[in-house]
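One chain follows as C-alpha coordinates, the form predicted alone.
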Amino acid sequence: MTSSPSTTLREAARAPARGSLRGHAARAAPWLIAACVVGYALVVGGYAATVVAFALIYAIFVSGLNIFMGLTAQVSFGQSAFAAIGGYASAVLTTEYEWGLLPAMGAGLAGALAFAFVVGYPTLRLKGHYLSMATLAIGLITYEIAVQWDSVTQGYLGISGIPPLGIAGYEATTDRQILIVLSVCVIATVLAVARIRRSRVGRAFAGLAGSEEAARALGINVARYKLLSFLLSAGFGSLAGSLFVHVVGYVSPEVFSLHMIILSFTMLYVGGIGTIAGPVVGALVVSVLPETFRAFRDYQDLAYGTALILLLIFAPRGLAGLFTAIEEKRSP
(Lines give C-alpha, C1' and ligand atoms only; values in the text may rest on other atoms or scores of the structure.)
Protein backbone atom coordinates (compact mmCIF):
# COMPACT_ATOMS: atom_id res chain seq x y z
CA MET A 1 0.00 0.00 0.00
CA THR A 2 1.54 3.30 -1.08
CA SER A 3 1.21 6.40 1.03
CA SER A 4 -0.48 9.46 -0.34
CA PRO A 5 1.55 12.57 -1.19
CA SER A 6 0.02 14.43 1.76
CA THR A 7 1.08 11.66 4.17
CA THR A 8 4.62 11.67 2.76
CA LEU A 9 4.85 15.43 3.17
CA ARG A 10 3.68 15.23 6.79
CA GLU A 11 6.27 12.56 7.59
CA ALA A 12 8.99 14.61 5.90
CA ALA A 13 7.98 17.63 7.94
CA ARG A 14 8.10 15.65 11.18
CA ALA A 15 11.51 14.07 10.45
CA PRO A 16 13.58 17.27 10.82
CA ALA A 17 11.72 18.05 14.01
CA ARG A 18 12.62 14.65 15.45
CA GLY A 19 16.23 15.03 14.28
CA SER A 20 16.40 18.51 15.74
CA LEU A 21 15.01 17.26 19.03
CA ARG A 22 17.59 14.49 19.20
CA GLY A 23 20.30 16.98 18.31
CA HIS A 24 19.28 19.31 21.14
CA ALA A 25 19.19 16.35 23.53
CA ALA A 26 22.68 15.26 22.44
CA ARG A 27 24.05 18.76 23.01
CA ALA A 28 22.31 19.09 26.36
CA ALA A 29 23.42 15.69 27.70
CA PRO A 30 26.93 16.78 28.84
CA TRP A 31 25.48 19.76 30.69
CA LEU A 32 22.86 17.59 32.38
CA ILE A 33 25.58 15.19 33.54
CA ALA A 34 27.67 18.05 34.90
CA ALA A 35 24.64 19.57 36.64
CA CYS A 36 23.80 16.22 38.25
CA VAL A 37 27.35 15.81 39.60
CA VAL A 38 27.42 19.34 41.01
CA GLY A 39 23.89 18.98 42.39
CA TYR A 40 24.78 15.73 44.12
CA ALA A 41 27.86 17.31 45.72
CA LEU A 42 25.77 20.29 46.79
CA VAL A 43 23.23 18.07 48.52
CA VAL A 44 25.75 15.71 50.12
CA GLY A 45 28.36 18.34 51.03
CA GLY A 46 31.53 17.39 52.87
CA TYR A 47 34.28 15.61 50.98
CA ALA A 48 32.20 15.25 47.79
CA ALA A 49 31.67 19.01 47.68
CA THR A 50 35.41 19.60 48.14
CA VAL A 51 36.32 17.26 45.26
CA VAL A 52 33.80 18.88 42.93
CA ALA A 53 34.92 22.36 43.99
CA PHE A 54 38.48 21.61 42.88
CA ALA A 55 37.08 20.15 39.66
CA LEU A 56 35.24 23.41 38.95
CA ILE A 57 38.43 25.41 39.47
CA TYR A 58 40.17 23.14 36.98
CA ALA A 59 37.21 23.59 34.61
CA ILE A 60 38.00 27.31 34.44
CA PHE A 61 41.71 26.60 34.02
CA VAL A 62 41.11 24.07 31.24
CA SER A 63 38.58 26.36 29.52
CA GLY A 64 41.38 28.87 29.06
CA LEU A 65 43.67 26.15 27.72
CA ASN A 66 40.88 25.06 25.38
CA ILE A 67 40.76 28.51 23.76
CA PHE A 68 44.41 28.25 22.75
CA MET A 69 44.53 24.52 21.95
CA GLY A 70 40.95 23.69 20.96
CA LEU A 71 39.73 26.81 19.17
CA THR A 72 43.06 27.95 17.70
CA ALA A 73 44.79 24.54 17.38
CA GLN A 74 48.03 25.66 19.05
CA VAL A 75 49.98 23.84 21.75
CA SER A 76 50.86 25.19 25.20
CA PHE A 77 52.54 23.50 28.13
CA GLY A 78 52.91 26.75 30.04
CA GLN A 79 49.37 27.40 31.23
CA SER A 80 50.40 26.75 34.83
CA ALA A 81 52.66 29.83 34.72
CA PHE A 82 49.65 32.15 34.50
CA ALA A 83 47.82 30.31 37.26
CA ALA A 84 50.92 30.76 39.43
CA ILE A 85 51.04 34.50 38.73
CA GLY A 86 47.36 34.94 39.58
CA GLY A 87 47.56 32.72 42.64
CA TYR A 88 50.67 34.28 44.15
CA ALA A 89 49.49 37.81 43.38
CA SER A 90 46.24 37.18 45.25
CA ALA A 91 48.05 35.45 48.11
CA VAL A 92 50.72 38.12 48.62
CA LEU A 93 48.47 41.15 48.17
CA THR A 94 45.74 39.89 50.50
CA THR A 95 48.04 38.62 53.26
CA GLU A 96 50.93 41.10 53.21
CA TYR A 97 49.22 44.27 52.02
CA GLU A 98 45.62 43.55 53.08
CA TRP A 99 44.12 44.14 49.66
CA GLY A 100 40.55 43.15 48.93
CA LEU A 101 39.74 39.99 46.99
CA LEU A 102 38.71 41.60 43.70
CA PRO A 103 41.61 44.13 43.52
CA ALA A 104 44.10 41.35 44.26
CA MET A 105 42.59 39.09 41.60
CA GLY A 106 42.56 42.00 39.17
CA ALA A 107 46.24 42.69 39.85
CA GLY A 108 47.06 39.02 39.28
CA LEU A 109 45.08 39.08 36.04
CA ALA A 110 46.91 42.17 34.84
CA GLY A 111 50.26 40.62 35.74
CA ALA A 112 49.44 37.39 33.92
CA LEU A 113 48.31 39.25 30.79
CA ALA A 114 51.43 41.42 30.81
CA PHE A 115 53.66 38.38 31.20
CA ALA A 116 51.75 36.51 28.46
CA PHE A 117 52.19 39.46 26.11
CA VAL A 118 55.93 39.77 26.79
CA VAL A 119 56.69 36.06 26.35
CA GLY A 120 54.00 35.38 23.75
CA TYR A 121 54.97 38.04 21.24
CA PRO A 122 58.27 36.36 20.29
CA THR A 123 57.37 32.79 21.26
CA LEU A 124 54.21 32.46 19.15
CA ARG A 125 56.24 32.92 15.98
CA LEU A 126 57.36 29.34 16.52
CA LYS A 127 55.35 26.37 15.28
CA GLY A 128 54.79 22.73 16.17
CA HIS A 129 57.03 21.11 18.73
CA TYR A 130 59.21 24.24 18.89
CA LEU A 131 56.23 26.15 20.28
CA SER A 132 55.38 23.38 22.73
CA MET A 133 58.95 23.27 24.04
CA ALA A 134 59.05 27.05 24.41
CA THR A 135 55.80 27.13 26.39
CA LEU A 136 57.02 24.24 28.55
CA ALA A 137 60.11 26.30 29.36
CA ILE A 138 57.86 29.21 30.40
CA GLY A 139 56.05 27.00 32.89
CA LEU A 140 59.25 25.51 34.30
CA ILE A 141 60.90 28.93 34.68
CA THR A 142 57.88 30.29 36.52
CA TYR A 143 57.93 27.28 38.83
CA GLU A 144 61.61 27.83 39.64
CA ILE A 145 60.98 31.51 40.35
CA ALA A 146 58.22 30.53 42.78
CA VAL A 147 60.67 28.18 44.52
CA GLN A 148 63.67 30.49 44.67
CA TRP A 149 62.05 33.88 45.38
CA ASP A 150 61.78 33.23 49.11
CA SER A 151 61.26 36.86 50.11
CA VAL A 152 57.94 36.96 48.23
CA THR A 153 56.70 33.40 47.76
CA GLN A 154 58.21 31.83 50.91
CA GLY A 155 59.56 29.03 48.71
CA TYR A 156 58.48 25.50 49.59
CA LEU A 157 57.19 26.76 52.93
CA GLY A 158 54.34 28.46 51.10
CA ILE A 159 51.95 31.22 52.07
CA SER A 160 49.15 30.45 54.52
CA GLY A 161 46.35 32.47 56.07
CA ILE A 162 44.92 33.54 52.70
CA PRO A 163 41.39 34.93 53.21
CA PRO A 164 38.43 32.97 51.77
CA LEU A 165 36.29 33.99 48.84
CA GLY A 166 34.21 37.00 49.76
CA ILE A 167 32.69 40.17 48.34
CA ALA A 168 31.12 43.13 50.18
CA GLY A 169 31.35 41.51 53.60
CA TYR A 170 30.01 38.13 52.45
CA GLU A 171 32.46 35.23 52.77
CA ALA A 172 32.05 31.75 51.34
CA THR A 173 33.41 29.55 54.12
CA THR A 174 31.33 26.35 54.04
CA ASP A 175 31.68 23.64 51.40
CA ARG A 176 28.28 24.38 49.89
CA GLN A 177 28.86 28.14 49.77
CA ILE A 178 32.19 27.65 48.01
CA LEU A 179 30.57 25.24 45.57
CA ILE A 180 27.84 27.75 44.73
CA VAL A 181 30.34 30.57 44.14
CA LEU A 182 32.53 28.38 41.95
CA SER A 183 29.49 27.15 39.99
CA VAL A 184 28.60 30.76 39.19
CA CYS A 185 32.20 31.38 38.08
CA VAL A 186 32.12 28.32 35.81
CA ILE A 187 28.81 29.38 34.26
CA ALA A 188 30.25 32.83 33.55
CA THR A 189 33.35 31.22 32.02
CA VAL A 190 31.31 28.91 29.80
CA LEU A 191 29.15 31.80 28.57
CA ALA A 192 32.25 33.88 27.85
CA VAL A 193 33.96 31.09 25.90
CA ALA A 194 30.76 30.37 23.95
CA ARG A 195 30.46 34.06 23.13
CA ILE A 196 34.10 34.18 21.97
CA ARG A 197 33.58 31.13 19.77
CA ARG A 198 30.55 32.64 18.02
CA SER A 199 32.16 36.06 17.56
CA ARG A 200 34.30 37.36 14.74
CA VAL A 201 37.35 36.58 16.86
CA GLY A 202 36.20 32.97 17.22
CA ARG A 203 35.81 32.65 13.46
CA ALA A 204 39.34 33.98 13.04
CA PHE A 205 40.54 31.38 15.56
CA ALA A 206 38.77 28.68 13.53
CA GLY A 207 40.53 29.93 10.41
CA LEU A 208 43.90 29.62 12.16
CA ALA A 209 42.99 26.13 13.34
CA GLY A 210 42.23 25.06 9.78
CA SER A 211 45.29 26.50 8.06
CA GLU A 212 47.45 29.48 8.92
CA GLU A 213 48.37 29.97 5.27
CA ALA A 214 44.73 29.98 4.18
CA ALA A 215 43.82 32.33 7.03
CA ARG A 216 46.62 34.69 6.01
CA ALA A 217 45.38 34.60 2.41
CA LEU A 218 41.91 35.63 3.64
CA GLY A 219 43.38 38.69 5.34
CA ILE A 220 43.50 37.38 8.92
CA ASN A 221 46.41 38.74 10.92
CA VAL A 222 47.78 35.40 12.10
CA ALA A 223 50.29 36.76 14.62
CA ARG A 224 47.73 39.10 16.20
CA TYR A 225 45.03 36.47 16.65
CA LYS A 226 47.47 33.87 17.96
CA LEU A 227 48.62 36.37 20.55
CA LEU A 228 45.01 37.27 21.41
CA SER A 229 44.19 33.58 21.91
CA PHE A 230 47.25 33.22 24.13
CA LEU A 231 46.19 36.25 26.21
CA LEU A 232 42.65 34.94 26.69
CA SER A 233 44.03 31.58 27.76
CA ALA A 234 46.36 33.29 30.24
CA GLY A 235 43.50 35.35 31.67
CA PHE A 236 41.38 32.32 32.53
CA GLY A 237 44.43 30.55 33.91
CA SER A 238 45.15 33.49 36.22
CA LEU A 239 41.56 33.56 37.49
CA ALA A 240 41.69 29.83 38.22
CA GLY A 241 44.93 30.26 40.17
CA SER A 242 43.45 33.06 42.26
CA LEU A 243 40.30 31.08 43.01
CA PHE A 244 42.38 28.09 44.05
CA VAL A 245 44.44 29.93 46.67
CA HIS A 246 41.37 31.58 48.20
CA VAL A 247 39.48 28.30 48.39
CA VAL A 248 42.39 26.39 49.93
CA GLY A 249 43.78 29.27 52.00
CA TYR A 250 47.34 28.20 51.20
CA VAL A 251 49.68 28.19 48.21
CA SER A 252 53.09 26.64 47.47
CA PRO A 253 55.07 26.00 44.26
CA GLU A 254 54.02 22.34 44.09
CA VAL A 255 50.50 23.44 43.18
CA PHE A 256 51.72 24.81 39.83
CA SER A 257 54.14 22.02 38.92
CA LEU A 258 54.20 19.93 35.75
CA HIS A 259 51.55 17.68 37.31
CA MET A 260 49.04 20.49 36.85
CA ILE A 261 49.70 20.56 33.10
CA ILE A 262 49.44 16.78 32.73
CA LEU A 263 46.18 16.75 34.64
CA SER A 264 44.72 19.61 32.59
CA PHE A 265 45.67 17.90 29.31
CA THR A 266 43.93 14.74 30.50
CA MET A 267 40.81 16.70 31.40
CA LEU A 268 40.79 18.51 28.06
CA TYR A 269 41.08 15.40 25.92
CA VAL A 270 38.73 13.29 28.04
CA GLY A 271 36.10 16.03 28.01
CA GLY A 272 36.51 16.95 24.36
CA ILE A 273 39.02 19.41 22.95
CA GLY A 274 37.48 22.25 20.98
CA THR A 275 34.05 21.90 22.61
CA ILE A 276 32.46 24.28 25.08
CA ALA A 277 31.31 21.58 27.50
CA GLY A 278 34.52 19.54 27.22
CA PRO A 279 36.59 21.32 29.90
CA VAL A 280 33.73 21.17 32.43
CA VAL A 281 32.86 17.51 31.79
CA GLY A 282 36.50 16.48 31.61
CA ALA A 283 37.41 18.23 34.85
CA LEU A 284 34.51 16.61 36.69
CA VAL A 285 35.15 13.12 35.31
CA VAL A 286 38.91 13.13 35.88
CA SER A 287 38.43 14.48 39.42
CA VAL A 288 35.64 12.09 40.40
CA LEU A 289 36.98 8.90 38.77
CA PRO A 290 39.80 8.30 41.30
CA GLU A 291 37.28 8.55 44.14
CA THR A 292 35.03 5.95 42.54
CA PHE A 293 37.94 3.51 42.27
CA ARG A 294 39.07 3.78 45.90
CA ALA A 295 37.37 0.45 46.63
CA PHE A 296 40.01 -1.26 44.48
CA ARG A 297 42.69 -0.18 46.99
CA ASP A 298 46.02 -1.47 45.64
CA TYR A 299 44.62 -1.56 42.10
CA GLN A 300 43.16 1.94 42.20
CA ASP A 301 45.71 3.49 39.84
CA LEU A 302 45.42 0.54 37.45
CA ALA A 303 41.63 0.80 37.34
CA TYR A 304 41.80 4.57 36.92
CA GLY A 305 44.31 4.33 34.07
CA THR A 306 42.31 1.60 32.35
CA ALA A 307 39.15 3.69 32.55
CA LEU A 308 40.91 6.68 30.99
CA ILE A 309 42.30 4.55 28.16
CA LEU A 310 38.87 3.07 27.43
CA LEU A 311 37.35 6.55 27.40
CA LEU A 312 39.90 7.77 24.87
CA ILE A 313 39.48 4.65 22.70
CA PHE A 314 35.68 4.63 22.55
CA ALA A 315 35.24 8.41 22.74
CA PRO A 316 38.16 9.86 20.73
CA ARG A 317 36.33 13.19 20.42
CA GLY A 318 35.86 13.32 24.19
CA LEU A 319 32.78 12.76 26.28
CA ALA A 320 31.24 16.05 25.17
CA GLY A 321 31.55 14.96 21.54
CA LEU A 322 30.39 11.41 22.20
CA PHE A 323 26.69 12.27 22.24
CA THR A 324 27.01 14.33 19.08
CA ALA A 325 28.80 11.43 17.36
CA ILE A 326 26.00 9.05 18.37
CA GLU A 327 23.43 11.44 16.97
CA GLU A 328 25.37 11.79 13.70
CA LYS A 329 25.39 7.99 13.29
CA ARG A 330 21.63 7.80 13.87
CA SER A 331 20.87 10.62 11.46
CA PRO A 332 20.80 9.78 7.72
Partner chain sequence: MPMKQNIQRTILAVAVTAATLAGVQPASSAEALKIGISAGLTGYAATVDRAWRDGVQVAADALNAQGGVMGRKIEVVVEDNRSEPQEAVTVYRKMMSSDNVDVFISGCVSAGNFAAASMVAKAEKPMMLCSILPQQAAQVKWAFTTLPPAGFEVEKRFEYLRDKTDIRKVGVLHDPTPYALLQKTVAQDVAAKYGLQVVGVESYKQDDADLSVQISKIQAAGAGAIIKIGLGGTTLTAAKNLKQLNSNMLMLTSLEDLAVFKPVAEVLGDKFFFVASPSQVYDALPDSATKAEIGKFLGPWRAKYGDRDPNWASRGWDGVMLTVAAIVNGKSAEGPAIRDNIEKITGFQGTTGVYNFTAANHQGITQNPFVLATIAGNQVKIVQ
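Note that the structure is a prediction, hence the values are computed from the model and not measured. Positions refer to the first chain, counted from 1.
Same protein, other form: the form predicted together with its partner chain, not shown, and the subject of what follows.
Peer 1: Which listed residue (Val190, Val147, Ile180, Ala110) meets the criterion of a heavy atom within 4.5 Å of its partner chain in the predicted complex?
Peer 2: Contact residue from the list: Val147.
Peer 1: Might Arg195 be said to contact its partner chain in the predicted complex, defining contact as any heavy atom within 4.5 Å?
Peer 2: No, no contact at 4.5 Å.
Peer 1: Heavy atoms within 4.5 Å of its partner chain in the predicted complex: does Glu98 have any?
Peer 2: Close contact is absent here: in the predicted complex, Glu98 is far from its partner chain, nothing within 4.5 Å, heavy atoms only.
Peer 1: Is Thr153 close to its partner chain in the predicted complex, meaning a heavy atom pair under 4.5 Å apart or at it?
Peer 2: Contact check for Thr153: no, nothing within 4.5 Å of its partner chain in the predicted complex.
Peer 1: Is there any non-hydrogen atom of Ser252 lying within 4.5 Å of its partner chain in the predicted complex?
Peer 2: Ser252 belongs to the contact set for its partner chain.
Peer 1: Have a look at 158-166, 80-88, 99-107, 182-190 and name the one stretch with heavy atoms inside 4.5 Å of its partner chain in the predicted complex.
Peer 2: Stretch 158-166 is the one.
Peer 1: Taking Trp31, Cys36 and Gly39 as the candidate spot, are all three within 4.5 angstroms of its partner chain in the predicted complex by heavy atoms?
Peer 2: No: no residue has a heavy atom within 4.5 Å of the partner.
Peer 1: At a 4.5 angstroms cut-off on non-hydrogen atoms, which residues of 222-250 are near its partner chain in the predicted complex? List them in order.
Peer 2: Going through 222-250 in order - heavy atoms within 4.5 Å of its partner chain in the predicted complex - the hits are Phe244, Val248, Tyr250.
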